[in-house]
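Only one chain comes next, encoded as structure tokens, the form predicted on its own.
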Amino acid sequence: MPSLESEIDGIIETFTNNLKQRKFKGSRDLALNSVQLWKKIIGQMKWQNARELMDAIKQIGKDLAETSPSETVIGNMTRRMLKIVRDEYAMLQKGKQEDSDLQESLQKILTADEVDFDYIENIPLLKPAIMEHIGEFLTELESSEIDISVQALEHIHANEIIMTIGYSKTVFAFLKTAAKDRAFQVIVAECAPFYHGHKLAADLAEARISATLIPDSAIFAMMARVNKVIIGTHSVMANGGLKAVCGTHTLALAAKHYSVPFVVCAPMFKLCPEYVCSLDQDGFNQFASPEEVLSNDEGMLVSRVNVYNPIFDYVPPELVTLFISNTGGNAPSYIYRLLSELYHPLDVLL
């Protein structure tokens, strides 16, 4: 009979292998699987107090994040687990949730480490409370796409021309919901060299939504006719900037030039408390095969040039007009406040 530790190691190894083989379909699927993994680990692991559990979560979370550094969702879910443990411990200790007061001062946020618990008391009710909280969080994740799409009618009006880029399940659900009551047109930039925009255009056409597919080079020319840009994103950084599919920065600059609102559909689990520098491409980006950009058939040319094929773009917060999350709409300048509610200041660095 396998020991409990080897069982947990097996669960983690299976998750890591699936991550390396890219078996998860999008950020939401990865977030759900991450939380389910944590639920199994916390449920099966032997721990005496909250401090022991938090140290274990941090260590495992750090190892998982290092497996795929560009997947910020893994780190985000680890931080949410730590916040859940802190909240439940505080609630059982003091009878109220730690840092849940909406009127808390900036000074309290900045000095959070000074009033932090030691988390060493053994509380028998802590484990069931944490498991229940994780169950509620899983329900929130599962309904995040629907919660965003129900806001569509507040943002999309009749006869508008909407532009988007690439493929996003959240954006597709958002547009599909709006199309039930409003007639509008969608212009889809194809997002070369991966051409994910082709799938979105086909899905929109199948849903009987008027869709026009354009090459990325036509974004600026078409922007003058557009009423609104609506996109999805891979991550929302701590300053309100985006880590989004390559080509999004071009789209954002064109929208800024023509004063077109630039709207981002991003569920709360994509909010990351880290800052990125767009110059640090090794730490920030992923690179795909250059074959997509310059074929190996071009033998003479390939040997003379360095070809890069980045997957992501960094979009600075000043180019974003509005974030639509599963809890409502927010300006980029409000992201810091949402982050303080989602994650504890001591858990930003795993």
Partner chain sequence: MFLIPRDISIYFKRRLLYDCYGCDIFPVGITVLIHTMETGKKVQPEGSEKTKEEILAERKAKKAEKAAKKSQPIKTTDHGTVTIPSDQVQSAKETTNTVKADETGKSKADLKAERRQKQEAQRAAKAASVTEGKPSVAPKAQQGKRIPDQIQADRPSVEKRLVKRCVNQKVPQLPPAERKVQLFSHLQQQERTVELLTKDLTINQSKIHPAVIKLGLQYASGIICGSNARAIALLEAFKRVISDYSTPEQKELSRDLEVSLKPCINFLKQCRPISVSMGNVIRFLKRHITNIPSEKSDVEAKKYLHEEIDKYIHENVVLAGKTICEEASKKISSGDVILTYGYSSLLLQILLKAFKEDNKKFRVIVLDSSPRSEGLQFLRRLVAFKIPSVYMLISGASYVMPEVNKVFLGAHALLANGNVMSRVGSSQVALVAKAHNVPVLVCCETHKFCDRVQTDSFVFNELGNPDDLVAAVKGKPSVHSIANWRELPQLTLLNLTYDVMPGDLVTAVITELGSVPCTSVPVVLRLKHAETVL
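Numbering follows the first chain given and starts at 1. Predicted, not measured: the structure shown is a model, and the values here were computed from it.
Omitted from view is the form predicted in complex with its partner chain, to which the following refers.
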Worksheet entry | its partner chain contact in the predicted bound form: Thr139, any heavy atom under 4.5 Å | no
Discussion item. Does any part of Pro215 reach within 4.5 Å of its partner chain in the predicted bound form? Heavy atoms only, please.
Written reply: yes
Worksheet item: Leu253: heavy atom within 4.5 Å of its partner chain in the predicted bound form?
Response: yes
Worksheet item: Though only this chain appears here, would Gln151 touch its partner chain in the predicted bound form if you measure heavy atom gaps against 4.5 Å?
Response: no
Item to complete: Using heavy atoms only and a 4.5 Å cut-off, determine which of Met91, Ala192, Ala129, Ala179 is in contact with its partner chain in the predicted bound form.
Response: Ala192
Item to complete: Would you mind picking the one in Gly247, Gly241, Pro273, Pro267 that has a heavy atom within 4.5 Å of its partner chain in the predicted bound form?
Response: Gly247
Discussion item. Only one of these stretches, 117-125, 192-200, 228-236, 82-90, has heavy atoms within 4.5 Å of its partner chain in the predicted bound form; which one is it?
Written reply: 192-200
Discussion item. I have Glu5, Ile11 and Ala173 flagged as a candidate spot, so tell me whether each of them has a non-hydrogen atom within 4.5 Å of its partner chain in the predicted bound form.
Written reply: no
Worksheet entry | Residues within 4.5 Å of its partner chain in the predicted bound form, restricted to 137-175 and counted by heavy atom | Ile161
